[in-house]
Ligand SMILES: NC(=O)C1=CN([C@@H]2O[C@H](COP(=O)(O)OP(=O)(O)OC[C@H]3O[C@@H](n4cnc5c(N)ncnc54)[C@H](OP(=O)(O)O)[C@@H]3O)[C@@H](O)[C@H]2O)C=CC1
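A single chain, nothing else alongside it, follows as structure tokens in the form predicted alone.
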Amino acid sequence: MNILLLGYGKMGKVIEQIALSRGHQIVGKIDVTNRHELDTFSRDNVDAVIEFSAPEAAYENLKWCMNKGLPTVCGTTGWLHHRAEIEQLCQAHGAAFFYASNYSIGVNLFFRLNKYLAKLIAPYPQYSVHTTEIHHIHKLDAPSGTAITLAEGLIEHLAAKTEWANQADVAENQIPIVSLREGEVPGTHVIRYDSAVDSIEIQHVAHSRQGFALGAVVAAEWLSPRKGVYGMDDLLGED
């Protein structure tokens, strides 16, 4: 495939390496320094776009992609208040849009484990739940999109919880998400349940960006011939 990269930071560079190793061509690498080159690309010379930029750039990037009718895989977080608009543009222009808060296969298995454990614990109100996410100091948004997805999975199965808050001290109906920024940590997510007599904890630790990047390239390969709005459950199959 001919792949256009929107965003060429650390993730963009790893995605490039993996895409090339799988026989694809990188036809463009757009960041803040050469955004004026965007209009040289269209459905004629791009089979798929992979968008890993920054929260403040993603919205404009995705609008451009949808208006061009391009199949687009997005891994940028922090822009999701515009998600409904982007999905409407996708449908209106016959594009394809694939969003995931995390493209790692392991993390997506962790999402399912998180929901299953919440379902098991739901009948036992003596357990309180809280979450922690740890990322490198360069990450611009907090909480991480992965932490939000985990919290949403908890809300789905814990009747007493109706929202999350990005702080340790929260109301009874809220799930606390503590965000830590340390060194070059690729990503660690912890779900912990505490009662007076014991604790239960599940954790996912990423060792590098390779898993995220591979998942994004596989998603682009899968998305390229399609139209519509998709996510990781479509790619991996429902539970």
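Just count from 1 along the sequence shown to find any residue number. Quick caveat, the model's predicted, so the values are computed rather than measured.
There is another form of the same protein, the form predicted together with the named molecule; it is not shown, and what comes next is about it.
Remark: none of the three candidate residues (N114, P176 and Y193) comes within 4.5 Å of the named molecule in the model of the complex, counting heavy atoms only. When the named molecule is considered in the model of the complex, A171 lies well away from it, no heavy atom lying within 4.5 Å. At least one heavy atom of G9 is located within 4.5 Å of the named molecule in the model of the complex. In the model of the complex, I30 approaches the named molecule with a heavy atom inside 4.5 Å. Although the partner is absent here, V205 sits far enough away that none of its heavy atoms falls within 4.5 Å of the named molecule in the model of the complex. Only one segment in the set 117 to 125, 80 to 88, 159 to 167, 94 to 102 has residues whose heavy atoms sit within 4.5 Å of the named molecule in the model of the complex; it is 94 to 102. Although the named molecule is not shown here, in the model of the complex the stretch 142 to 167 places no heavy atom of any residue within 4.5 Å of it.
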